[in-house]
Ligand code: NAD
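Here's a solo chain for you in structure tokens, the form predicted on its own.
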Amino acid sequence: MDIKEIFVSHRRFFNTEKTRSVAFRIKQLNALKELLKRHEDKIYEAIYQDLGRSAYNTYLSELSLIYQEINLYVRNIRRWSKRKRVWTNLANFPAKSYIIPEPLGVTLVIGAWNYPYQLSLLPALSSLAAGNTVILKPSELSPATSALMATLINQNFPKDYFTVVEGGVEKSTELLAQPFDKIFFTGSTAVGKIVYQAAAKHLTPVTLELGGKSPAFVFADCDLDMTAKRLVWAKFFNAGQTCVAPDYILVERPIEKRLLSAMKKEIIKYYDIEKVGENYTRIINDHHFDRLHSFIENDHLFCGGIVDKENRFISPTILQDISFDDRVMKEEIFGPILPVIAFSDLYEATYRVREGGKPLACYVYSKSDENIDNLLKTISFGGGAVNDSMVHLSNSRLPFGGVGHSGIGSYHGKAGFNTFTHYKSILRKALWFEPSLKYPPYTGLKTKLLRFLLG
């Protein structure tokens, strides 16, 4: 079938109202979980082909989050899908008011390549849990993963209910031409703008999970060794190809040298700095490799900088003596290169961060509540952590998403269910009483009574 035929078949299936059944939704989510578990070995192999990532790290960063999310939905869908009574105001007495959650309809999910299962299937299963149908378009930049995902899902789910469509820009363009009821996109800001423009033609609501330059503030009162350990893990996991990885560090000048040395020590402890190993990942393709390689300037190199283009390997790299005016600070890095900027004036540092737009994440390392609260209030960002990095996205009870140029909307857990749900408001009026205040003539006495009742 072509794209339009697939879309029409999904619309037809949704209109049968089968997806409104909570039992149907739970059955499909459990089937997805069992399908993934049966084929974990194939999943690990596909990820290794695309990224060279180990099975352990794939389970940690992708499958465990998917299983956790499915379990959460299976436990809660029935309760979340019930209509909810709300208070009725005096002006509408006598009446009952309630809210009815209902699925949006036919949804499109466009995934990303850096965590191809997590970033495709988490929003897809959120949509399925809410009672929608899903057309899923994985990233073409991770071809082995995309092909396996298409095989597994298209052979085990009704094609007019949950369908994977493979392809590049041309296929995405065809998909975006359809009048979906919801579009969920994960990827770059540049492509996010294209998706948003296409959706506007149909007034289709959109959730955009984008990126940005996410800072990590390190204050002099931090636990230096733990800070270095956690920053190195967060930055170089998946070779830095993570949307919420610390993009750069802002460190108080008195501890700059000590932090640099502590991070170098952690890199040597955990990573093979000369080739892709069990604990590391290669760069996704030559284009990204060349872009990242261009950021490494010997004048600023503190450690790392080892590259192997044939194997798309860039060692964990730290750059020192960086300013906001350096080229590496002009765009999101999305790779294993960590610029470190020393600051003395916190106001100036936060001003420069805000000047660059609202990041997807922000991290604060400090023991001082004053430092922490100041940063959390001063900088607008999607989400973050205090004295750690990246881990906030692993809590399904924390909505995950950006703000401004880093994204629109959120998901994970109940937030994901809400993202793919319309909450229909209903007021049911009784018939045994009707106030005369509604009807002419509108006298002065009625005005006084209205003000008394409604304030």
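Predicted, not measured: the structure shown is a model, and the values here were computed from it. Numbering starts at 1 and follows the sequence shown.
Keep in mind the form predicted together with the ligand is missing from the figure; the text below concerns it.
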For this session: Name the stretch, out of 218-226, 368-376, 342-350, 188-196, where some heavy atom lies within 4.5 Å of the ligand in the predicted complex.
Result: 188-196
Exercise. In the predicted complex, does residue 169 have a heavy atom within 4.5 Å of the ligand?
Worked result: yes
Exercise. Should residue 123 be classed as touching the ligand in the predicted complex when contacts are defined as heavy atoms within 4.5 Å?
Worked result: no
Problem set entry | residue 132: touches the ligand in the predicted complex, heavy atom cutoff 4.5 angstroms | no
For this session: Indicate whether the ligand has at least one heavy atom within 4.5 Å of a heavy atom of residue 266 in the predicted complex.
Result: no
For this session: Select from the listed residues 251, 360, 149, 292 the one whose heavy atoms reach within 4.5 Å of the ligand in the predicted complex.
Result: 360
For this session: May I ask you to choose, among 114, 145, 317, 207, the residue with a heavy atom within 4.5 Å of the ligand in the predicted complex?
Result: 114
Exercise. Would you say all of 33, 74 and 181 touch the ligand in the predicted complex, counting a heavy atom within 4.5 Å as a touch?
Worked result: no
Problem set entry | the ligand in the predicted complex - contacting residues of 324-343, heavy atom within 4.5 Å | 332, 334
